[in-house]
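In structure tokens, the next block holds one chain alone, the form predicted alone.
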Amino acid sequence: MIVFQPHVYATVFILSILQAFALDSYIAAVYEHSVILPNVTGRPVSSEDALTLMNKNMDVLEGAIKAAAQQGAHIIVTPEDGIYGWVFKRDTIFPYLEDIPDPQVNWIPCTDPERFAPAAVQERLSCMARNNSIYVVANIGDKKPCNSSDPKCPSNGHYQYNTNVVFDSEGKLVARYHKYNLFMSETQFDSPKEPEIVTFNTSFGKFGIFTCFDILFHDPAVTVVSKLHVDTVLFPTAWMNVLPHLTAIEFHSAWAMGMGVNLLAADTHNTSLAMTGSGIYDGHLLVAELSSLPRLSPTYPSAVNWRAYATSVKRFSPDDRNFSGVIFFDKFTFTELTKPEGNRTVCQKDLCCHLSYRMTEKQEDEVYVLGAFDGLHVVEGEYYLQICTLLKCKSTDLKTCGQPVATAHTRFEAFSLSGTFGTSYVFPEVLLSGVQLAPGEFQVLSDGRLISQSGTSKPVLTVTLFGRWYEKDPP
């Protein structure tokens, strides 16, 4: 299990179960589910067979929902693809889809299952919520008919959407969200014409919702927080971990801290695809107490000027021996940390990254570098990044710098990382040996420095400022 930073505004999960006695807090739960997948035949199954598989997964989810309710949880989030999996084409997923109405219809499927088209999955989820008096967040598939007058209507006459649904403690459908930023392999689904900004209010706070890959883009992720001022984001995901910067626990906790909200992230659990990282493992349930109004918390972070410090100092120790390396297909500029302490600068385009550091227990067979990337990422999607990173190389061969590495032995007594960012959306990440977060061991200063806080750290894998310059994304 992973322990996250204890501050309320940055909390994704806490590993103890707390009782909420105050009106300004609530208890939330997430469940990381090892999804029972369908057999891959390449041919559509019957709707009956599809429902049989989905019921097997819902049997597991129902156990988690009951356990969460018994521990006092007000809401539980379950993973993306948690009811039928992801091994589909457009035609093979169709038997698993239901027509999900607009929540404005004021519908409780558990008590009125025949009101709309066949909706056995929605009925069962509604009953889970109603019977356990808990809000239930789940990810299912929505189908919407279209006709030939629509030039974009798919050949089967239906749009198909990756969809999150929320049922309140009475079983009423209160939210429906269609995923907008589809991952490159999600060819079975359509993207809605415009991003949907979905929120709903409860007696314990205002919630927003989106799905997995959406978190890397401005819409809906930034808009739902910065313009609609939600207190908590609900985040079903099927996140495939990518070291050194995009492991689930690392990026999701950094995003929560950077945006100043609670993030309830429920990941699927499939180690063969490196899918883990709700902060829980092996199908365990996790329950935590969160602030209903994090912006009113005395620990809520002050505004950060992410370029203030970096633009006020002279460049540290420029090095003509800078070299290039690749992280997740992006070409970084690196400079090696050749001494156990010092000051370094590395630049790429308009981004200069500054590092002051002091190592202890430096291992001779471990190499660390400072890296900068300022450019458009174009692999599984197109989005503009500015990244400053201190990271451990896979070996003493500098050609391995940027390759995945999960363990380290070198400790840092102190570090201070900053950059001349052009964006105000910068997410701080510190990842320790064993792919663990660093609770209480760093802080962000208002001038944009990410600094160590409590003396000698545990062995460090990466210290990163992950910037997203949304305005430079392609249309």
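Please read all numbers here as calculations on a predicted model, not as lab measurements. Residue numbers run from 1 along the displayed sequence.
From this point on, the text means the form predicted in complex with a small molecule, which you will not see here.
Of the candidate stretches 149 to 157, 233 to 241, 354 to 362, 339 to 347, only 233 to 241 contains residues with a heavy atom within 4.5 Å of the small molecule in the predicted complex.
Although the partner is absent from this view, residue 80 contacts the small molecule in the predicted complex, with a non-hydrogen atom inside 4.5 angstroms. Proximity of residue 392 to the small molecule in the predicted complex: non-hydrogen atoms within 4.5 Å are absent; the residue sits far from the partner.
At least one heavy atom of residue 380 is located within 4.5 Å of the small molecule in the predicted complex. Using a 4.5 angstroms threshold between heavy atoms, residue 312 stays clear of the small molecule in the predicted complex.
Within 4.5 Å of the small molecule in the predicted complex, a heavy atom is found for every one of 86, 186 and 212. Checked against the small molecule in the predicted complex, the candidates 197, 398, 304, 246 yield a single residue with a heavy atom inside 4.5 Å, and that residue is 246. In terms of contact with the small molecule in the predicted complex, the residue from 275, 108, 385, 128 that brings a heavy atom within 4.5 Å is 275.
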